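First, one chain by itself: the form predicted on its own, in C-alpha cells.
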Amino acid sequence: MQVQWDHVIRNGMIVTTDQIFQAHVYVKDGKIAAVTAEALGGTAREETDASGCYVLPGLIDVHVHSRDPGATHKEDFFHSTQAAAAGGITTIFEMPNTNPPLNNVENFHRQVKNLQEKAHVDFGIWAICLGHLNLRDIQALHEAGVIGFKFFWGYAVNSKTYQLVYNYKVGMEDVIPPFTDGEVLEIFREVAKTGQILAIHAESSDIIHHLTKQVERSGRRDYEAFLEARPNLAEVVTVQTGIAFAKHTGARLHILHVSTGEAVDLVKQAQAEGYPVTAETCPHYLFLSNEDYPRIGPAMKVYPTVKYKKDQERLWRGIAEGVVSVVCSDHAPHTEEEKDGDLWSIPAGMCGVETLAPLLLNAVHEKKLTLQQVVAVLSENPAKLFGIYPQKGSLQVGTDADITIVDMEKRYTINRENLRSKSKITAFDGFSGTGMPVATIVRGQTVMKDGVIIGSPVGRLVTPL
C-alpha cells in the first residue's frame, strides 16, 4: 500500500547547528517522518519545492507582548501570530503582563482558551511573579504548563487590578511599591523549587528614578540625557543582584533583553562558575546605538534603552561566545498617537516579531553570523532552555514538523505599512537587507508562503516536556 504523506519538502538544504546537507523532509500526522537524500515513494497532500533555499527547524520568538487580553487596540494575538508567521516564526512565547495578568492557574486556563482560537503559530505562555500576591500560585502554575516565570524587577503593582505600574511615585493610591530585595529573594526561592526559568527585566528603578530627577532639573530632553537617566549601571546592578540571588537559591536565571556589555561579562562569569544563568538580546540592541536616534527618533524608544556602540559590539561577541544564547524580538506595539510625542513621555516598545528573522538573516549576508548560529539562537537554544526540545527546535524524526524555509538571496525592504501587526511602529522602517523566510510550516501545515498568510489559525499550546 502506498504511503500518503501530509507534506513533502523537496530539494532544500537542511540546516542544523551541526551540519548543512541537501535532503527531502517527509511529514506524516504533523510529525517529521523522514529526512533523507533519497526520494521515498508514496503520494503527498502538499509538496513544497525548496530548491535553492535552506530548510531550518521552526524559529521561536521567546519574548512577545500581544496585549491580549487588555490593550488590544494596540495589538492582539490574531495579528501578532500572523506577523510571526510572516516572519518565519513557528512558535512564540506570550508575555504575562496582560489584563488580567497571568498570575494564577484560573487566568492561565482562561488565556489558553482566549489565544487558541486566534493563533496562527504555536505558543507558550509565561507566568508573572507578583511577590507575596501570588507566591502560593507558583507551583500550581508550573504544574499547569507555563513556559517560564517572569519578574518585572523594580515595578510597582496596582493592588486592585494587579497591573504593573511603570512610573511609580511615593504615595500613589492603591499601589504596592516595588518589592524589597528580601521579597524578591522569596520569589527566587519559590521559582527555584519548580526547576523552571525565572526571567528578569533587569533595570534598577531606584537608580533610574534618582537620576531622572537630576536630569529633569537640567532641562535637557535629548537622547543622551535620556541615557544618563537610564544608564548602563541600572542594568548592571540588577543583573549582579539577580545572579547573587540565583547562586544562593539555585534558581535558573534568565536575563531578558540584555542591552549592556557589562551584563554580558557578568553572565559569562556566572556561566564559567557553573551557574545556570542565561541571557537573551534583541535586534534593536544588535543593530542600533545612540548614534541612530537622530535618524530614527522616538520609534527607537525601548526599555532597557538602546545604548552605545561598545555595548552593541560586546553583544555580538557574546553571541559568538555562546554567552548570549537567545535572540528574540520583545515585540511590544504601541499606537501611532501614543508614540507621537516627547521622548520622555511616550511609551517604550515597538513591533519586532515579523522583522526578527529577516534582520538576523541579513546579518548572515553581512558575515556577522552564520546560518547555523541563526538556527542556534532562534530555534535550538530556546527550545532546549525552555524544556521543549527536541519536539520544537529540531528536525529530528518523530518531532513536530515545524519548519522555516529561507531564501538567502531574496532582497527585501521593511515597510512599516506592510507589517501585519495592528500597530506599525518599528525602528527598522526602510531597512533593506538580503535573506528572507519564504515559507512557515507549523506541524506540517503551511501557514505562510511567499509572504502570504495561508489558512485559518492552527496554533496550539506548547508546554515543557
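A residue's number is simply how far along the shown sequence it sits, counting from 1. Treat the numbers as computed from the prediction; the structure is a model and nothing was measured.
From this point on, the text means the form predicted in complex with a small molecule, which you will not see here.
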Inset, instruction - Name the stretch: of 436-444, 396-404, 35-43, 59-67, exactly one has residues whose heavy atoms fall within 4.5 Å of the small molecule in the predicted bound form. - result: 59-67
Inset, instruction - Using a 4.5 Å heavy atom cut-off, state whether Leu135 contacts the small molecule in the predicted bound form. - result: no
Legend entry - Contact test in the predicted bound form: Val302 vs the small molecule, heavy atoms, 4.5 Å: yes
Inset, instruction - Find out whether any non-hydrogen atom of Tyr155 is located within 4.5 angstroms of the small molecule in the predicted bound form, and reply yes or no. - result: yes
Inset, instruction - With heavy atoms only and a cut-off of 4.5 Å, decide whether Asn97 touches the small molecule in the predicted bound form. - result: yes
Legend entry - Every residue of Leu130, His142 and Glu190 near the small molecule in the predicted bound form, heavy atom within 4.5 Å: no
Inset, instruction - Note which of His334, Lys392, His254, His79 lies within 4.5 Å of the small molecule in the predicted bound form, where distance is taken over heavy atoms; exactly one does. - result: His334
Legend entry - Listed residue that, although the small molecule is not shown, lies within 4.5 Å of it in the predicted bound form (heavy atoms), from Arg314, His201, Lys268, Lys118: His201
